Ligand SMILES: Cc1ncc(COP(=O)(O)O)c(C=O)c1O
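Encoded as structure tokens, the following chain is the form predicted on its own, with no partner shown.
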């Protein structure tokens, strides 16, 4: 069977492949610690679950408007307005099947084939495939590793060509935890204004800021009309599987995204929309509770990683990941097979049953990503396994499987 060149050019998500392998090992009775997936370990809000149950009891589970039920669009507009710091009307919001679909719709609605999108490097692993899926051209722009992988505006401007259409900012960042200040965002925004670019602001981790405060580029002068804000409930409300995200944009862009969505996926799942409405009505208490836990776990991870020789880490300002540099251990495997983050991640899973994501998937092969969105005892166990394995590499022989 012939497969299109477009489909063949897009690899599967490393995170989802890793999750499948972890599940396979667990079904086989293996004691695996997974610090791979970016999924909070807390249950979804009780209000959301009860609202979905009540809706399902009615038995009337039908289509909704493609852009979402009016009540949820209004609630999402209120949330995004408050978080981003500028006003959005419900007509400017599209309810999507997770923030991932919102990002894909933003890129598809903004870019014609051959147009370029500037992406953070390192950056979330799905940005580039989303561009490729609509024949846009992903252009990674490296951040400064000495400044937490922040973009230098001069480097950003130097990457712009006549084909450049948009850029993506992710703050707080996956995988680095980078949080841009308002002044830093203003410098990036000026590049967009000077070169007439659209800015896609991925704000899915907005509640989880440990140093400084969250800022959105949409609130900066001259930026509301050239910014698409991406948000949702997967992270802030621990509702990953409910698949509810939001796109907020100038009205013509929101209308275009809604039309495109109507042909691709119709509406987000109707029970999930009612659950999301109840979750938003309950306020920010759920996110605030998780932020307290992630703050504690962040410190646990920082302390443990600081005790590992030749592991280097800048404390993440936000999100719920750590992204330590581990390349000092490359080449130290007894067989000489560990030559990068992919091999190191595979060895950690093989020898001590610890799942982490290789930094190569995000564009930074010197690092690996560990999620701190795991119970304290699980996180501590995983960090102990990592320390044990790295110690065995220093001694010239990998540690045996954990049990």
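Residue numbers count along the first chain shown, from 1. Just so you know, these numbers come straight off a predicted model, no measurement behind them.
The form predicted in complex with the named molecule exists for this protein as well; it is not shown, and the discussion that follows is about that form.
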Is the named molecule close enough to 150, 180 and 227 in the predicted bound form that each of the three has a heavy atom within 4.5 Å of it?
no
Answer among 98-106, 287-295, 137-145, 247-255 for heavy atoms within 4.5 Å of the named molecule in the predicted bound form: the stretch 98-106
Would you classify residue 127 as touching the named molecule in the predicted bound form, given a 4.5 Å non-hydrogen atom cut-off?
yes
In the predicted bound form, is there a heavy atom of the named molecule that lies within 4.5 Å of any heavy atom of residue 88, even though the partner is absent here?
no
Is it the case that residue 216, even though its partner is missing from this view, gets within 4.5 Å of the named molecule in the predicted bound form, heavy atoms only?
no
Evaluate residue 92 for contact with the named molecule in the predicted bound form, applying a 4.5 angstroms cut-off between non-hydrogen atoms, and reply yes or no.
no
Picking from 165, 243, 332, 325, the single residue whose non-hydrogen atoms come within 4.5 angstroms of the named molecule in the predicted bound form is 243
In the predicted bound form, the residue from 236, 272, 201, 174 that sits within 4.5 Å of the named molecule by heavy atoms
174
